[in-house]
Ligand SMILES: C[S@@+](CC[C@H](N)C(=O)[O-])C[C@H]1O[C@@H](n2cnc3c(N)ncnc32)[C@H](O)[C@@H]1O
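Single chain ahead, by itself, as C-alpha cells, in the form predicted on its own.
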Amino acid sequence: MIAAALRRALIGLVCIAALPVARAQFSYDVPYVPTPLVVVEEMLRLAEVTRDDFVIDLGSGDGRVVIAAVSKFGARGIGVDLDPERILESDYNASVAGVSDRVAFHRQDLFKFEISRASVITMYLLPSVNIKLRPRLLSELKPGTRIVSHDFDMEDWKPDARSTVRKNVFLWIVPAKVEGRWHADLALPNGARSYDIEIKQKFQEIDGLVRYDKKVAGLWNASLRGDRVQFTIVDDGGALDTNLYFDGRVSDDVIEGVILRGIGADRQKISWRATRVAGVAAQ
C-alpha cells in the first residue's frame, strides 16, 4: 500500500514538473476541454459499452472517458493524445483508479494511430477534425463498431442515435459496404426463384430494387445497422401476394440469413444467401 501510494505521488510530481516545458513545445488541433462526468456516463451508456469492448478515446485529455469505460463497465482501452501533459495526467488518474493494467495512454497523432482493433471509438473533437477523421473511421473500423461523439456531429453522416444530457451526444454504427448488385437463388414454397438485388447506399441509409422473372420491384423498409441488413420483398408468385422479410449479415461479398415468409401461424423460415456480382454497381 505504501509503495503504491508513493508511486502515485511520484507520478503526480513528474506530471507537475514536466508541464511548463512540454506544453510550450507543441501546438494542437483541438483545445483541451474536459468532458463533464455526466456526459461521459451518457456517452458510454449510448454506446452500450460492455466488458467485451475495446475502447479507443481519440483526443483523450485527462483519460476520464476511457478510464470510466474500464472501471465502470469492465472494458479495456487506450487513450490517444498529442499533449504530453495530458498523457502524464492520464497515467496518474488510471493509477489512482486502479485500472493501469487494463488501460494505456499513447502520445501520438490521432490521425495516424491504429484504430482497427476498436469496438468503440469515443471522441470530443472539433467539427473539422471529425470530418477529417471520417474517411478513416468508415474504411478502417469493422462494421458494427460504435462511434460516440460529445457535442459535434459528422455533417451528412446522420447519427444512428442521439441523446442530450447537458450536451449533445451522437452515436454512429459503422455500416457494412453493401452498395452494388447481389444475386440470390431461393427455394420458395411456390418454386425456385432467382433474384438480382440492387442496393444504393449513403452511409447507413440504403434503398434499392429487385429484378426477377423479367419484373422489377422495390425493396421495402430497407435498413442497415452495422453488418445487419433487412428489407422486404413482395412474393407475387402464388395465388395471393405474400411478404418476404429478409434479415441477413454482411461479410465482405456474401450476405447470409433468414427470410420470414408470412405472419402468425402461416409464418415460415427460409435460409437465404446472396453473393455480390463483381464489377456491377447499382444502377
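None of the values given here were measured: they were computed from a predicted structure. Note that residue numbering follows the sequence shown and begins at 1.
Keep in mind that the form predicted together with this ligand is missing from the display, and what follows is about it.
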Item checked: this ligand: the contacting residue among 108, 95, 116, 128 in the predicted bound form [heavy atom, 4.5 Å] -> 108
Check: Picking from 74 to 82, 201 to 209, 96 to 104, 161 to 169, which part of the chain touches this ligand in the predicted bound form when contact means heavy atoms within 4.5 Å?
Finding: 74 to 82
Next item on the list: Report whether the minimum heavy atom distance between residue 124 and this ligand in the predicted bound form is within 4.5 Å.
Entry: yes
Note to self: Although the partner isn't part of this model, could you tell me whether residue 59 comes within 4.5 Å of this ligand in the predicted bound form, counting any heavy atom of the residue?
What the structure shows: yes
Check: Taking heavy atoms and a 4.5 Å cut-off, does residue 220 contact this ligand in the predicted bound form?
Finding: no
Margin query: Is it the case that residue 65, even though its partner is missing from this view, gets within 4.5 Å of this ligand in the predicted bound form, heavy atoms only?
Written below: yes
Notebook entry, point to check: Going through 34 to 48 from first to last, which residues have a non-hydrogen atom within 4.5 Å of this ligand in the predicted bound form?
Noted result: 34, 35
